[in-house]
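The chain that follows stands alone, in the form predicted on its own, written as structure tokens.
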């Protein structure tokens, strides 16, 4: 049995699922943090989001983000590394991800998008 989580293909990514997924504040915070981290490193570990919620709740949100096509998860040993599927999102819905991230950045304080999150600097 493969430990690699299932991801939708680019063609299977649907706009209603993506928008529904982004309507949740925790999932929006995860996407926002992944986008902010892209400048330093393309991936973050599950533990980098512990400030947002508990482990089981985060696992649920990670699965939703993966299932809708916003995020890709890579398993390496006991670690799970996540990154945005920017190329796929831009190909399917040009400008959507940038617009969401830009809007979230304007409201980051009000939405408490980065409250309690640990951001790991690249070596």
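Keep in mind the model is a prediction, meaning the values are calculated, not measured. Positions refer to the first chain, counted from 1.
There is another form of this protein, the form predicted in complex with a further copy of the same chain, and it is not shown here; the text below is about that form.
> If we take heavy atoms and a 4.5 Å cut-off, which stretch out of 53-61, 22-30, 76-84, 35-43 is in contact with a further copy of the same chain in the predicted complex?
Replying inline: The contacting stretch here is 22-30.
> So, in the predicted complex, is residue 95 in contact with a further copy of the same chain at a 4.5 angstroms heavy atom limit?
Replying inline: Although a further copy of the same chain is absent here, residue 95 would touch it in the predicted complex, with heavy atoms inside 4.5 Å.
> Though the partner is not shown here, which residues of 81-109 have a heavy atom within 4.5 Å of a further copy of the same chain in the predicted complex?
Replying inline: Residues within 4.5 Å: 91, 92, 93, 94, 95, 96, 99, 100, 103, 104, 106, 107.
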